[in-house]
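Shown below, as structure tokens, is a lone chain in the form predicted alone; questions about how it binds or moves come after it.
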Amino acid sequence: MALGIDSETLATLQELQREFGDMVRITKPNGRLAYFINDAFEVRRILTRRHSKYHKGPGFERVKMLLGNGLIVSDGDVWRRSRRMIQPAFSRQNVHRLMKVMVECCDRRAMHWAELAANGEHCNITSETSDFALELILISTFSGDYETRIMTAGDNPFAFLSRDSTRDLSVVMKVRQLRELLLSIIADRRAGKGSQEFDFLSMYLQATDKEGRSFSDSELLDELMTLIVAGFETSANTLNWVWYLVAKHPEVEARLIADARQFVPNVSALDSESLGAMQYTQQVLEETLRLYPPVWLFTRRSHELDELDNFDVAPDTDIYLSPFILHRTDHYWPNPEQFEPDRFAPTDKPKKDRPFFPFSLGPRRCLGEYFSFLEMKVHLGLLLPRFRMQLIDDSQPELELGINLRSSKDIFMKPMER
């Protein structure tokens, strides 16, 4: 039974779950033992308390070709060192310092959408959310160097990341061509040149490990590419689905607008406290991530003996975990195919008890989760009260199941100012 990162694998895992339940033992064509695990308790245990028994699993070779040995791909001591060094950059206090950039990127989208609306033109919301998220992560990473070093020719050399979803060898080669540009920016920063503003690059350059060592240039390149690619794709894809779902559910749209108008009646009222109070917007984002988790399949490979619900997991066993399938399993989520943001309304039940892991769980949980939620709240809080997006094609978009979960085709909408 071949398992990759593609639509055939999703269909196979869904069929296995329907036929055999939430714990399935598989023998792969190469003879390697594997388990598909959709049991919420066991998924949490693997990703949290037992995480040290597992390394990254099959499929990450493609990611490593693209991103090098950055935080998403690395394991063991390399990963622990990088994680400790990078974590302070994503403190809430530091992320809040980037809210001005989020507002400015929204303002540029608003100007463009107003022009499209005035001319009666359609809006490619897939492209728009990608451009928004890519611009935001680049400015958040490089601040003033974005304009003076990256956009010098008027075109964004990183634009292919939002335009080409294949992540094949041609994309890998384009990424490698960017490394010279990044190395020159890093060299200038190390020499005290370039932007002196706060940004992620400045934080990464200041980071040291327990022995007081900084990132080497090679390590820094890998971490920067990981930050840029992972930092924009999650938010871009989620916002693409949010705009689609909101257009299909006017009652949700009305409540979102009320949420924004209550807590962010104007830009001057926008701060971390007001954004934190936008509970319904948070619910909409979480329900969107339930239906369309950015990474639809996680893989692990055991390097120590483990036990799972009376099953022995020998070293060198592959483990498959799918947020997409778990989030749509009806004994965990009633009416799982329905878009119902009130599933995430505050209750007495702790959040940790929900079978919900769009950003993974445990020590490898995404460091950028708070940054992503904040930028998406700013985006919706500022743009949704001003623009109504009407779907051009009302049909359900098909899925593109690569490393990230995307819509297989771009979603087009008609923007109208309210």
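Everything quoted here is computed from the prediction, not taken from an experiment. Residue indices: 1-based, along the sequence shown.
Below, we turn to the form predicted in complex with protoporphyrin IX containing FE (HEM), even though it does not appear here.
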_Contact stretch among 377 to 385, 361 to 369, 34 to 42, 61 to 69 - heavy atom within 4.5 Å of protoporphyrin IX containing FE (HEM) in the model of the complex_ = 361 to 369
*Does residue 300 make contact with protoporphyrin IX containing FE (HEM) in the model of the complex, using a 4.5 Å heavy atom cut-off?*
yes
*Is there a heavy atom of residue 90 no more than 4.5 Å from a heavy atom of protoporphyrin IX containing FE (HEM) in the model of the complex?*
yes
*Hey, in the model of the complex, does residue 295 get a heavy atom within 4.5 angstroms of protoporphyrin IX containing FE (HEM)?*
yes
*Heavy atoms within 4.5 Å of protoporphyrin IX containing FE (HEM) in the model of the complex: does residue 238 have any?*
yes
*Let me know the one among 242, 134, 227, 264 whose heavy atoms come within 4.5 Å of protoporphyrin IX containing FE (HEM) in the model of the complex, would you?*
227
*Using a 4.5 Å cut on heavy atoms, which of 129, 322, 234, 281 is close to protoporphyrin IX containing FE (HEM) in the model of the complex?*
234
*Using a 4.5 Å heavy atom cut-off, are 51, 54 and 220 all in contact with protoporphyrin IX containing FE (HEM) in the model of the complex?*
no
*Give, in sequence order, every residue of 79 to 106 that has a heavy atom within 4.5 Å of protoporphyrin IX containing FE (HEM) in the model of the complex, or say none if there are no such residues.*
79, 83, 90
